[in-house]
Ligand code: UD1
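Below, in structure tokens: the form predicted alone, a single chain.
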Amino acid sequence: MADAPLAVLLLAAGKGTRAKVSLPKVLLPLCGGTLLDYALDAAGGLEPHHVVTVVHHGMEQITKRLGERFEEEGIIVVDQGEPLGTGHAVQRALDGLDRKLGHEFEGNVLVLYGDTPLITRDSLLDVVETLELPPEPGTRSGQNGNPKGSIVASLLTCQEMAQEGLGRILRDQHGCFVAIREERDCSDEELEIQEVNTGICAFRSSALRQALPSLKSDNTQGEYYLTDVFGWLVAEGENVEAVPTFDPDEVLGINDLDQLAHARWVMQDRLLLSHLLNGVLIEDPATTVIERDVQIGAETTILPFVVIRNGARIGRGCEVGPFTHLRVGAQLEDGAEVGNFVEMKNSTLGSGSKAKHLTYLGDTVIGKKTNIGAGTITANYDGTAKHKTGIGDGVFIGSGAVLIAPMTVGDRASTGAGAIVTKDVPEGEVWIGVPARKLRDKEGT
């Protein structure tokens, strides 16, 4: 990374009306997170000195959903007010950052968007580090106090994506960036240009501050476009560098649910690949859903038609599936096994323990080498509140048992098939019936 301080300005104030949902667009769900989560992840990978998130529509929902993350990571949240374009949003972000610091920020500024969840750290790094490159021979002389020939702005472009609706990148005969031409203003010849603007860009803060006052809202939208900054800088003799990316998925902006579905396929493929490369045996990736922030140990086997939600933890040498649903808070210790139509939530299955068939485990902690019979239910909800079930080591739970929380089953205890257990089962005892009662100790007494 460059030595200059870095501030990330993350624009997330759009309505997202094309998605036709009431949820703010940046909160649309994607593999266990939100669109904004992934943009923040990519930005955080650069280890910036400051992150400013600009919001407006759905601000209360956004801060409620991500407020804890904002606080933990020191993210500055700025209300744009009535959105008047990307240039206006960047100015409000800079103003908010300056107020927080008590002085004008000096360094590099990266601008990205809360609806581009597939952007990677490496692509953002390319854009930022371009500002530190030495000027190529024959490039323009710097003005406005910038070093001669230095690059004062960079922008990420792409030639591989659909051009419709996007600004075209204009270059001179030497291949140097000249301007961005919005599609509605392009000539027929310019419409044939394949290289388009993705919106992601970086600036030396001094150059950005000099250019922003030049923006005007005399356009059909009545907005201040950040894209106009680049043409102004070139006209002032400054150097602007266009940085190409060859992966159109990275720069996909999510505007509707069709694009969201495509992004889910791409992100899911990335998540599955990361587990495969870490030694997880995923038998059929095409039928497997694994969300973000899931930990799986090496030599664990994931069978087809498995759904593993955000935050699940699975140890080494486990077996999961087929048709298993591990929800939030599910944990499998080393060597544990869950099988057909088993659902777990806020529950732990101990090392070497098994729940192989037709079972629901909610708010349950299970010890080591315990067998949970087919059709077992830990009934954790009484209609008002949820309660916990504890099952010890070496326990045998018979098929079709219902354990009504709050209750515990002691080490080496057993329950009979179909038992409805409403009381604690002491260590080593066997309970059967409806309601379940003591039959004998395992030793026969």
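None of the values given here were measured: they were computed from a predicted structure. When you see a residue number, it is the position in the sequence shown, counting from 1.
Not on display, but discussed next: the form predicted in complex with the named molecule.
Figure note: of the listed segments 197-205, 123-131, 291-299, 334-342, the one touching the named molecule in the predicted complex, with heavy atoms no more than 4.5 Å away, is 197-205. E182 is the sole member of E182, E160, E104, D79 with a non-hydrogen atom lying within 4.5 angstroms of the named molecule in the predicted complex. Proximity to the named molecule in the predicted complex, defined as a heavy atom within 4.5 Å, holds among G352, G315, P83, P285 only for P83. Heavy atoms of V266 never reach within 4.5 Å of the named molecule in the predicted complex, leaving it off the interface. Taking the partner from the other structure, the named molecule in the predicted complex has a heavy atom within 4.5 Å of a heavy atom of L166.
A residue is said to contact a partner when one of its heavy atoms sits within 4.5 Å of a partner heavy atom; E238 fails this definition for the named molecule in the predicted complex, lying far away. Put simply, R437 is far from the named molecule in the predicted complex: not one heavy atom of it is within 4.5 Å. Although the named molecule is not shown here, in the predicted complex the stretch 84-115 places heavy atoms of L84, G85, T86, A89, Y113, G114, D115 within 4.5 Å of it, in sequence order.
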